[in-house]
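Here we start with a single chain on its own, the form predicted on its own, put down as structure tokens.
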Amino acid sequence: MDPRFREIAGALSAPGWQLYFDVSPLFEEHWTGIPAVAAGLARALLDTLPEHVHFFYEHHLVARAAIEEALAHRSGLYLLRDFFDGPAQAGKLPALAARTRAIGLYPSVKRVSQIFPIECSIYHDLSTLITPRFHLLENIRHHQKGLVDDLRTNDLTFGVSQATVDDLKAYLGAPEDRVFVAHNGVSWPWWYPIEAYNAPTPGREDPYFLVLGTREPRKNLARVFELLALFPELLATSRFVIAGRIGWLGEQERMPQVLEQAMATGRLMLPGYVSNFEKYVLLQDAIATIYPSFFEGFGLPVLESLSLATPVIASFSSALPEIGGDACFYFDPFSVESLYRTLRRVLDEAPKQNPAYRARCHEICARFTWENMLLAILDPLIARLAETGAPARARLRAVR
């Protein structure tokens, strides 16, 4: 554990500050995207500041044992059940009392706000604001109201990339001295490599490219379908696996009829949602991961792929070059020819077999840990507490 956590614990203990972490994203059954980030931070808080962290949902505490169990299962299925009809609910938030020394940390949009003397939230992207054509109208209205309200009620605001922080400043006027970068992390359970080594995986020797992500327009899967339709020889030498749950505006991501034969023969596979372990195995065994997204606030699958030294063919867009650095192979997300040339380059160079490339992947990913993300949040937060001293105001309860 980084020794700075002991200093942070001391800075919290002396004046009696306590951290309250919003676990609402963990109520999802499947943890991808924001729930995966919330899980990483929750685990880091339990490992580094166990005496100072509490968990809450709306105006109620959530039992620590229930969070530990959810983290062990990597799912919020039972957490949701036990909160509303079981032992997971642990009473009302004591932070509702005026002038309590409590810090509310929200890993995403606030379900409730203005109930803690100090509040911080994490922004993952501003895609509903910057690229509204990729979203449903009701989602745009819901998220854009939250974007503005959360920024207004935050003492500190965090973006998961410099690109997201720059967007917060440019589009929402976030104050320079109150917005900070806190990069996401990556980690896998210790037993995954052992289980993956022993697990029988039919067709593992058959090379394939992996496309990972929710099937919705922003992810630009239509470019991959276009690639395979225009260059069918790719399917003769490699399979393509497109994994991820179905999202919204699916008609924009419809597979061309010409690819139905590839589906029938197993050269093109769409398994839908895959578990975290299945994702690990798919990433580990792939020739490369293709990540064609038009817009990302971070791009967690890019980091997950590189952590296993699997190359990433990524669009040169938004935060992706910031995360992937020189370990990714970039292409123009609007050009199928650019994607084809980049894919051929990966096939020709076979970087996954290059020890220097594998070492570079591990070097890049070593910077992206959940503890480092937590430190990037807590360092400016402790400085903020030193500025404010005792709570300057008691916020009013506000529920969306």
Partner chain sequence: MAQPDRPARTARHGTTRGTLTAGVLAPRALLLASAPFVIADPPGAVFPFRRCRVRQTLFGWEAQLQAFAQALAATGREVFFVPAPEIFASLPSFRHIADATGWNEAAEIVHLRFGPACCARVLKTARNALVLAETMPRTPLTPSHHPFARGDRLPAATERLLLYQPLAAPLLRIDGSAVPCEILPSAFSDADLAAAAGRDPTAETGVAEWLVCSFAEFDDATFDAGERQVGKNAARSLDWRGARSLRVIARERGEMPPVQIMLPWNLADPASIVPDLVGKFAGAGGLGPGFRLVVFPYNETPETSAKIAAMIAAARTALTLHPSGLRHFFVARIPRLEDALELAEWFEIAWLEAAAPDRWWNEERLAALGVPVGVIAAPCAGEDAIPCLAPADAEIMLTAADAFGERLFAAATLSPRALAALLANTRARLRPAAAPVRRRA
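Computed from a predicted model, the values in this text were never measured in an experiment. Numbering follows the first chain given and starts at 1.
The same protein has a further form, the form predicted in complex with the partner chain, not shown here; the description that follows concerns it.
Contact with the partner chain, judged by heavy atoms within 4.5 Å in the predicted complex, is confined among 170-178, 297-305, 230-238, 75-83 to 170-178. In the predicted complex, at least one heavy atom of Pro321 sits within 4.5 Å of a heavy atom of the partner chain. Taking the partner from the other structure, the partner chain in the predicted complex has no heavy atom within 4.5 Å of any heavy atom of Glu349.
The partner chain is not shown here, and in the predicted complex it never comes within 4.5 Å of any heavy atom of Val258. Contact annotation: Val160 falls outside 4.5 Å of the partner chain in the predicted complex, judged by heavy atom distances. Here the marked residues His59, Glu68 and Ala90 all miss the partner chain in the predicted complex; none has a heavy atom within 4.5 angstroms.
Contact annotation: of the candidates Ser187, Gln144, Ser275, Thr214, the single residue with a non-hydrogen atom within 4.5 angstroms of the partner chain in the predicted complex is Gln144. This chain lacks the partner; the member of Ser108, Thr153, Thr100, Ser317 within 4.5 angstroms of the partner chain in the predicted complex by a non-hydrogen atom is Ser317. Scanning 128-165 for heavy atoms within 4.5 Å of the partner chain in the predicted complex gives Leu129, Ile130, Thr131, Pro132, Arg133, Leu137, Ile140, Arg141, Gln144, Lys145, Leu147, Val148, Ala163 in sequence order.
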